[in-house]
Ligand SMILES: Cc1cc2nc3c(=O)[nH]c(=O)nc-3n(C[C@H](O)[C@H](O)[C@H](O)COP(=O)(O)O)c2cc1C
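Next comes just one chain, in structure tokens: the form predicted on its own.
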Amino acid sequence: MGPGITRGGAEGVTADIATPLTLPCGARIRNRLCKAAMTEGLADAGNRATDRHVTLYRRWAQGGAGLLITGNVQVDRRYLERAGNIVIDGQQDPRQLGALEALASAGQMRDTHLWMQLSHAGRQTPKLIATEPVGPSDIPLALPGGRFGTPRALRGEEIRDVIDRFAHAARIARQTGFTGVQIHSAHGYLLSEFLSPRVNIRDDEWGGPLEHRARLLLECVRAARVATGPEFAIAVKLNSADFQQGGFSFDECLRVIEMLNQEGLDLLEISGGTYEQPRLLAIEGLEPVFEEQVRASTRAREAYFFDYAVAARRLARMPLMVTGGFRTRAGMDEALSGGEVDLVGLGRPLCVDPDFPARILAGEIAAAPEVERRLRFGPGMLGPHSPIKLMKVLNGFAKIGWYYEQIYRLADGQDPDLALGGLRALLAYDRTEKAKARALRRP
């Protein structure tokens, strides 16, 4: 276990969701529940934080989780995950700094930690944002619909600029009052792309063997640490695997964890999948899932990536977090009880019930409310003649749109609308994204 971490949270004590956690940097998280990163889409046309961010994160901070992690804060405004991303790049104007300070303050109510997730969208930048995104190589996404352009391979000096951008954003995060950052190296975004031998076919110092493909991630972590100092929390989000033939594998994940052991991380979140194979969202992609071989655990069967975290624990010297699938108090406590996982990440349950952490900690409820069975994402929702695979993917994105709509409602000070239909949510999400892209102030 990492410095400051003992199995089960304390010597001779079995951890559960109420057990505090002290991180290597010295930060104390008051319980083991974390609001995991979820993209918000609430930034203004200049990619600044807004009052809606403040309302949303104040609501989540009041909801009882010990740690909140923001959604994708981008380090380069040319390449966004979506038009509504917050961006930190270049010289920050006073309005942006003030808005970030207000967000940091709101997200730390009730002794809650708020970390900023830092990301670069890479080749997963939509065409609405950039017709020519960038990546390690010029390999496009294998997705229908023409939503993503063919990427241009980054030049060596541009890769160095990416490292500087992550360091700059981490420095601004600390300056404006956030208590940590999470460097996003999962889900097919730029740092994850560099790790993948399927996407990164470079033959220079940034490609080829894993030690070269992992260099960008490691350099970003080191630069962020130099920019923020030893008492500021730095985390990484890493794929257990891409679940694609020829992609980043679990064996490579374990080797990257061994590299990260040398970097003094405060937390490692284990996730998985990409836009092409979105296992993180429990959605089936268009190609067959390439399953990684990992021994099944007897605990926490409700969590998507728990078995990978159990295997990773044998090597990882930093605290570990797993997000995805957790719904019951029993499942969360079971995951924490053996010490393989130190934090439980929660996403969708907090869109439906922002007080879910407090209520489950208090024993008022034993599980998150079940809503997806009522959403009726049946195979006929998108037309009887649609290809089955495509229908499954679109139904999955309808779910995503539904949860985005709940985030918008919370940001507007409203309660979630559990009666909202999936198709209506998908169409509303599509309209909102296009409108935001049209209004975006281009660099």
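All residue numbers are counted from 1 along the displayed sequence. Keep in mind that this is a model prediction, so the values were computed, not measured.
Beyond what is shown, the protein has a form predicted in complex with the named molecule; the following relates to that form.
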With heavy atoms only and a cut-off of 4.5 Å, decide whether residue 122 touches the named molecule in the predicted complex. no
Answer yes if any heavy atom of residue 39 is within 4.5 Å of a heavy atom of the named molecule in the predicted complex; otherwise answer no. yes
Does the named molecule come within 4.5 Å of any heavy atom of residue 247 in the predicted complex? no
Look up in the predicted complex whether residue 98 has a non-hydrogen atom within 4.5 angstroms of the named molecule, and give yes or no. no
Option from 217-225, 316-324, 98-106, 150-158 whose residues, in the predicted complex, bring a heavy atom within 4.5 Å of the named molecule: 316-324
Are 32, 178 and 233 jointly within 4.5 Å of the named molecule in the predicted complex, each by at least one heavy atom? no
From the list 72, 240, 274, 112, which entry has a heavy atom within 4.5 Å of the named molecule in the predicted complex? 72
Among 331, 207, 349, 126, which has any heavy atom within 4.5 Å of the named molecule in the predicted complex? 349
